[in-house]
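What follows is one chain in structure tokens, specifically the form predicted on its own.
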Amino acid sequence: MKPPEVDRLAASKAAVAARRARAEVKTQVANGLRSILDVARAAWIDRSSAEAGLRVRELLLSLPKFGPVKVERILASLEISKSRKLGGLGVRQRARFERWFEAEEAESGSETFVRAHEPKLVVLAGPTAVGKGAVSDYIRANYPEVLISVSATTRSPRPGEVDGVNYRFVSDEEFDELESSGEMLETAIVHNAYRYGTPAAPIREALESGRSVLLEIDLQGARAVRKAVPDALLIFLLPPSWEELVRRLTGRGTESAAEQARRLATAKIELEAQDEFDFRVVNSDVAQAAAEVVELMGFSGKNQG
């Protein structure tokens, strides 16, 4: 039976609150305010806590220098599934977890667990019409400490898009030159229509200068970046519901009915890839989604505007 609307609304609000609480725990760990063991022990004391609801993999990825490859090795050695939550660890898993991090803390000292805003390449991807551009635009306008990479594309600008800010709008010939130069981090043909790509030089220069970079791209591009830069942090942007995704796509009025149908078919496939990503953020509200992305990058997530 379908639950009453009031129950669904209450459940949705509770889910948002729980997600924010978990994000806050990860931010505390990322900023060195709490240790991994502190979070883990809190989860084991209260299995209804925000700490208990955290996936072990997500928590470990909030640590400095703990990229996806390293985290996968740690989880394998501890015999913990990448989908396992802290509160769901068994007695033996907890013991292995404690021993490993006690030894790590003793060997490396507390600075292992302090991020200090180490520069990182962060990828924001998701299905068509989920609002990647809106979230990126909000971050660009309100969080000046975050550098957003500008991708190149052969499609025409949409209303309100600015060349050199939202994208570099280029011809097929210009794109060919960029690609043949060997200076593209990734390239992809999206929706069987237009070419997109990420120039590597600006990203490399930013990271070398100590700045983190946010890269807003499609699923193909995210997979290519994961191969090229294994330590990149991948964030998947989700719609609050399939119905809302359809509403957003049809409501923007920038595609024909045939193009909308093709994009929605692609979106279903894209949504199935969300487990390939390190974190998931639901875009119910652009400002809140932007704050969560910024927090995952290791910043405070407080609006600077």
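A quick note: this is a predicted structure, and the numbers were derived from the prediction, not measured. Residue indices: 1-based, along the sequence shown.
The discussion below concerns the form predicted together with a small molecule, not included here.
Undergrad: Quick one: in the predicted bound form, does every one of 39, 51 and 87 get a heavy atom within 4.5 Å of the small molecule?
TA: No residue of the spot touches the small molecule in the predicted bound form.
Undergrad: Exactly one stretch in 180-188, 88-96, 202-210, 67-75 has heavy atoms within 4.5 Å of the small molecule in the predicted bound form; which is it?
TA: Contact criterion met by 180-188 only.
Undergrad: Just to confirm, with a 4.5 Å cut-off on non-hydrogen atoms, which of 217, 121, 147, 235 contacts the small molecule in the predicted bound form?
TA: Spelling it out, the residue with a heavy atom inside the cut-off is 217.
Undergrad: Looking at 155, 140, 82, 168 here, can you tell me which has any non-hydrogen atom within 4.5 angstroms of the small molecule in the predicted bound form?
TA: Going through each option in turn, the one that passes is 155.
Undergrad: Determine whether any heavy atom of residue 132 comes within 4.5 Å of a heavy atom of the small molecule in the predicted bound form, and answer yes or no.
TA: Result yes; residue 132 sits at the interface with the small molecule in the predicted bound form.
Undergrad: Residue-level contact is defined here as any heavy atom of the residue lying within 4.5 Å of the small molecule in the predicted bound form; does residue 101 satisfy this criterion?
TA: Outside the cut-off, so no.
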